[in-house]
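So this first bit is one chain, no partners, the form predicted alone, shown in structure tokens.
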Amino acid sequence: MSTVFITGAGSGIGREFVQQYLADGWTVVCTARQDAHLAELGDAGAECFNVDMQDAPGILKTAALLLDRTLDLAILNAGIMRGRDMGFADIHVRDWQESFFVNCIAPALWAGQLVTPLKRRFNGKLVALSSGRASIGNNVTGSTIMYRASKAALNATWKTLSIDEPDVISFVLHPGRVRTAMGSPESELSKEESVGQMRRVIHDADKNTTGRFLDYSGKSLPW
């Protein structure tokens, strides 16, 4: 039986990943923060840990519990968008720091530990959810400064990871514009559609995929 680890599984895209992998018979290990979400995920059949993505010791403590296991796939989905309307004249330093920690530093901490259980499976895959807004080449609208910057940093981190850990297939995925709390009601994709297509990209990923920045359909995006 295949095993997947998913962060940020309490709601939205993360929860949908859990539901779809469980439906296909995978063993799902995941993280969430709220007690209600933890209970719901457990009732659905997932093994769930209470982890705050701003708590470095908590991340490392939980990751240590996975070191002796075998993982086929890890999806680092948890992320935040702070200061959506913030401009350069009113930068909020605390929000900036939290954005970088959750969107870049926390995934890097997870990656440093998860490569060990992923290497026990041939072609283990380590996927981080990025954003189209992380693309410097495609940025023609500005705005959402902290989110863009923290996700671009995530992309740079994962590109380096793909070089430093060649025995793991690692790449970043843009889920598209999805109708979730972080997205908007006008977004073109439902979470079911986005996750379903990302799962196909993940399934088809091989050594030629590692180190790439792809969208939910498998299209390459400019860094």
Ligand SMILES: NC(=O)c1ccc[n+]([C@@H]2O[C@H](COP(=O)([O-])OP(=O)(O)OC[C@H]3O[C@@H](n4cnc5c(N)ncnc54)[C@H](OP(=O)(O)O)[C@@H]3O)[C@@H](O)[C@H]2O)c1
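One rule holds for the numbers: they count along the sequence shown, beginning at 1. Bear in mind the structure is a predicted one, so any value in this text is a computation, not a measurement.
From this point on, the text means the form predicted in complex with the named molecule, which you will not see here.
- Taking Val115, Leu129, Met146, Ile105 one by one, only a single residue has any non-hydrogen atom within 4.5 Å of the named molecule in the predicted complex, and it is Leu129.
- Taking Val168, Leu161, Met53, Cys48 one by one, only a single residue has any non-hydrogen atom within 4.5 Å of the named molecule in the predicted complex, and it is Met53.
- Using a 4.5 Å cut-off to the named molecule in the predicted complex, not one of Arg69, Gly124 and Gly211 places a heavy atom inside that distance.
- Checking 115-123, 75-83, 89-97, 138-146 against the named molecule in the predicted complex, the stretch whose residues place heavy atoms within 4.5 Å of it is 75-83.
- Looking at Ile13, you'd find a heavy atom of it within 4.5 angstroms of the named molecule in the predicted complex.
- Using a 4.5 angstroms threshold between heavy atoms, Thr180 counts as touching the named molecule in the predicted complex.
- Looking at 25-47, the residues that come within 4.5 Å of the named molecule in the predicted complex, counting any heavy atom, are Arg33, Gln34, His37.
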